[in-house]
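Heads up, the chain below is alone and in the form predicted on its own; it's given as structure tokens.
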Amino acid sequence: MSATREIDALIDMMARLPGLGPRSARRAVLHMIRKRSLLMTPLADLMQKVAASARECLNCGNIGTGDICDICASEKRANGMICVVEDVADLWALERSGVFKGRYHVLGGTLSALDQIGPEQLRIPRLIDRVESEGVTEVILALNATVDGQTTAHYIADQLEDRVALTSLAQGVPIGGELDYLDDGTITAALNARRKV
């Protein structure tokens, strides 16, 4: 494989990443080549290490470098709350906020009759086991406001009814949002979830 073909192959591989198209991938590869010692070599080393060590937490489904992730291993996070999310990206987004101090449970998707995804294909049975074995007092359903997300939330609520307090994230107008730019569903959710001032 010639050097040009290797570079083209790297660009093609980078273009497969979410959020990067062919043009962005070319710019990223060119930048890494120009900053080879500062970026490309350390990045290649880190990618090899992560490829060898990254795995799903056996308890919650988060991504870490051990069988049990740091969040599940932390006794400070064992406060009786579990926040249920669809994907690891959702968990990481909530962690960035620094607000939630409990533990998480990653479902690995949502229920979907069309795609033949039922509770057994997700981590719903494991969630029910955790509620019973970890002294959970509250389950926060932080699922996306899609039809499949809401179907999944209702299913979980039915399974955990009378076992634990169930809550969900508030929905409605985002901070800094202008009503004129919001869709009808968001405005409806905001009106239905209104509170006293």
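Everything numeric in this text was worked out from a predicted model, so none of it was measured. So that there is no doubt, residue numbering starts at 1 and follows the sequence shown.
Beyond the structure shown, there is the form predicted together with a further copy of the same chain, which is absent from this document and is the topic of what follows.
Only one listed stretch (27-35, 162-170, 140-148, 124-132) carries heavy atoms within 4.5 Å of a further copy of the same chain in the model of the complex, and that stretch is 27-35. When contacts are judged by a 4.5 Å heavy atom cut-off, Pro18 counts as touching a further copy of the same chain in the model of the complex.
Contact between Ala153 and a further copy of the same chain in the model of the complex is not found at the 4.5 Å heavy atom cutoff. Although the partner is absent here, Asp45 lies within 4.5 Å of a further copy of the same chain in the model of the complex, judged by heavy atoms. Though the partner is left out of this view, Arg96 does reach within 4.5 Å of a further copy of the same chain in the model of the complex, counting heavy atoms only.
Residues Asp70, Ile71, Asp87, Val88, Ala89, Leu91, Trp92 of 66-92 are found to place at least one heavy atom within 4.5 Å of a further copy of the same chain in the model of the complex.
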